[in-house]
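Okay, so here's just one chain, in structure tokens, the form predicted alone.
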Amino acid sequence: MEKLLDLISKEVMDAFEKAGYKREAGRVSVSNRPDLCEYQCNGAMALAKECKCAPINIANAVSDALKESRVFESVEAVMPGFINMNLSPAFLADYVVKMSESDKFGIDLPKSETIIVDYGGPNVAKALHVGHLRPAIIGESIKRILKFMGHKVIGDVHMGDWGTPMGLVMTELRERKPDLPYFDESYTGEYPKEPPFTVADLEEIYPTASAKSKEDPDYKARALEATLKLQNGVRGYRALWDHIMNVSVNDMKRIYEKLNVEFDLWNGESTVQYLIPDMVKEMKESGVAYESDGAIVIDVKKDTDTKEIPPCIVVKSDGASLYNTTDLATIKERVIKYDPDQMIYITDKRQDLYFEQVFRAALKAGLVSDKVTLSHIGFGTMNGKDGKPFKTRDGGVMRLEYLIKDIQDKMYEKIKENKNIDDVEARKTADIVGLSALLYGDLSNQAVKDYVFDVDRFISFEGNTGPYILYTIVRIKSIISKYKEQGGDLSTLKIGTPVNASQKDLMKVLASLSQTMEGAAAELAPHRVCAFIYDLANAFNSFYHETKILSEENEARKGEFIALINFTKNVLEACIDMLGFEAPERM
């Protein structure tokens, strides 16, 4: 289906042409004065000088050409040359009916592409903390939006599992348990199947080791040596690494599951180690990479740059690889395995320069063709009410698991204020609604912007919040359930022509879905979906408060109302699924 705004513009363009003017001038926009009209066209103003004619005369001629249009209920030319239009209720209803009867709500899907979304990026052996929230849920939502639009999307967690953090953990383990066989390079037997630590141990070991390395140069040197042994394939270090991976990844999966975040690939830096030697060799032989102060680098600056773009370091002077190295090898592997049309990376916006370097190096080295789109979505900071990066009350970085539990517990207390719900249902509902509060509270902000994490605002059932959206869906479910109890049959219903302004407004918001989804997918912008469903929830609630739905005496009209709100529910549920949450049966 064509987008509603395109259909309206086509009608007005035809009228401009019929009146003897350029059809391009008939482009229509949503009115910025909804008190005056629903849509407007300012094309007559732009044509006036060229046609040597007063703009109001052009506007009048076009308005006359639109008098018999089935699209508009009213068309008016107003000084100095604006064309104000209101849609025909019957035309609008027909459009919404076609949406409700079409796959994907009548949205024209683009050509399907293979897209890899690189998000999450946790370091193994470290507890997931609040800093991991944004990449996980922004990436998950973008993945779901692109899948909804018909693309083949592959989500990769891309863990940090091969660098210095591994060496730090192993060094601290050796300090504490020097007799472990992993550190005896003469050991030839089988290593224990059970890990010599728990996930809780790892979460204490890493920060301890990190702090020591900052104060003790010798400790840091031993950690770097351990990292190099791992990367060089020393048997005991690889076996210990396997334990660290199994324990950490299982715990990550448990916590990501709480956020409804799912990855197709659980790859990390280690996954592409086999590619690095030949990749670096080819870069050097082709002249793309060269030695500088013992390191291997690629120049990525351009004559058109207005800021300094340093070379991309591929191998450090001590022979160790970096994130740059593994990211370049990952691009190479993804091209070989998946032949993607796009690769999207979601990290902190402070990494913009880093990804600019890596993308340029990948293109220059021929790891990827210029037909593949490489893009970085840099997100802003999640701040506390003090405007500073979000911390716990004692100033530490909060674990992500605790953040999720905290917001769900607060929602449980709120729901328990309703004395008619038992504890089990209250807890289940609180978990669902609390998650919506967390995800919507973040995703409703434009990703690149910093925002204030305000739990009290996020869990409110009023305003632009997840619980408000879910409450709206639950309200619609309740109405439909009562309609069925009265003997109503949804399968026989069809949306009818609006009979009041609030019903028409609801249909107009529904009709804008195609434009919203096209924009959200093109801009990789979940906040656009949030803005749409907030408008849709508001439009429904206005209709609900101004219209007798179940008590409508005209059965045919009642059926049309139910058909409309059922379609509204379907659209809302599809949209919240793209944001990563669902609605409970009641609240």
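This is a predicted model, so every value here is computed, not measured. Start at 1 and count along the sequence shown; that's the residue number.
Heads up, the form predicted in complex with a small molecule isn't pictured, but that's what we're talking about next.
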Partner-proximal stretch of 92-100, 484-492, 215-223, 158-166 relative to the small molecule in the predicted bound form, 4.5 angstroms, heavy atom: 158-166
F355: touches the small molecule in the predicted bound form, heavy atom cutoff 4.5 angstroms: yes
Any non-hydrogen atom of F453 within 4.5 angstroms of the small molecule in the predicted bound form: no
Contact test in the predicted bound form: T347 vs the small molecule, heavy atoms, 4.5 Å: yes
Non-hydrogen atom contact G121 with the small molecule in the predicted bound form at 4.5 angstroms: yes
One residue of Q351, T465, S210, T271 in contact with the small molecule, assessed in the predicted bound form (non-hydrogen atom, 4.5 angstroms): Q351
Among the candidates D442, D327, E172, E140, the residue which, in the predicted bound form, approaches the small molecule to within 4.5 Å (heavy atoms): D327
